[in-house]
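In the form predicted on its own, a lone chain appears below as structure tokens.
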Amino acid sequence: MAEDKVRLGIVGAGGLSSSKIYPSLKYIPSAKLVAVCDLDEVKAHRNAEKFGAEHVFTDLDKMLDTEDMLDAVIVCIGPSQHAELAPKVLKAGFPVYTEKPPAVDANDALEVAKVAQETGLLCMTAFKKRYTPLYVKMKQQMNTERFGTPTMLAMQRSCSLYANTTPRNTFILDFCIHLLDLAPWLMGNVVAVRALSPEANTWSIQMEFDSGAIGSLAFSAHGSFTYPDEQVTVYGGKDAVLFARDGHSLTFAHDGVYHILHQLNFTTAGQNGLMESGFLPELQAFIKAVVTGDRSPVQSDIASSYRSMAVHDALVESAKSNSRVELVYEI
């Protein structure tokens, strides 16, 4: 790697990448943006100029064929394109980071995972909830003797209405997938689900985990983006309870005492937003893994992301069939 920096090419110059991915790189000294690729050449040139990349492409193959220019690639377009382009990047010999979700369904995610296995290269999905300081602390507390054995998970999340017009832009896949991925990361593999969904913007979900614990999740797109609504509660042994509220605070209740484990400081601007939302920590994990070869900082490789997609698919099947669906994972 040139100058001990990971030379990055980013595919995508849309709203999410431009507001979250590109700006995060300035806080990672070991990362260097060298190329931007987008079908819209105007957007590609705009981001290259704004964020300091020397090269602009409208064709991914040409970017990957440029000798000795890149060390790793970030793909931030859409789930179907993630599944299409990630294998191409891996086969070209580069580790790849894609935005969530890794594909439209579990089958496509599995095909990407197989290519990652064959090439031996890192393929990471940006499931940001696994990297937020709040949920990292929640998981750490869950692993303590004081918390005990997790017995139940309760989740609630809402937003404004979704149109649900395409398979890649449904409420359950685009918005709910974050907590569908967070649930097994906190509690262990999901072995069975039952879902009720009278319409595409309303979901009531029951989960069974391999540990014997259970989960209850409620998602609604009949709320508002003006007021964030994200509640996550985990019950442990005896009277131990962890409360995460709206991504702002984490409280541990035990023996009749409330312990504040995390509290967002709203007076801190700039980097704090990228850090607390998980965008910066997930990119730091990817870059560190590329630099060192140690993949332990990566909490969301494609294999685990495939399993989260399998949960999504099982829920869709359960809602359609009005039945309990058991999960079997291929990896």
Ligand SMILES: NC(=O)c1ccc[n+]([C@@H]2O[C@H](COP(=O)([O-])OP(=O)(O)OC[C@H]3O[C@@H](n4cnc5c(N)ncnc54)[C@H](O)[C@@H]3O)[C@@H](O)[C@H]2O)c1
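A quick note: this is a predicted structure, and the numbers were derived from the prediction, not measured. The first residue of the shown sequence is 1; numbering continues from there.
Just so you know, the form predicted in complex with this ligand exists too; it's not on screen, but the next bit is about it.
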property	result
Listed range touching this ligand, judged in the predicted complex by heavy atoms within 4.5 Å, from 174-182, 115-123, 218-226, 145-153	174-182
Listed residue (V291, M69, L39, L264) with a non-hydrogen atom within 4.5 angstroms of this ligand in the predicted complex	L39
Partner proximity in the predicted complex: G12 to this ligand, non-hydrogen atom cutoff 4.5 Å	yes
4.5 angstroms heavy atom contact with this ligand in the predicted complex for H254	no
4.5 Å heavy atom contact, V241 and this ligand in the predicted complex	no
4.5 Å heavy atom contact, R168 and this ligand in the predicted complex	yes
Residues of 53-77 having any heavy atom within 4.5 Å of this ligand in the predicted complex, listed in sequence order	C76, I77
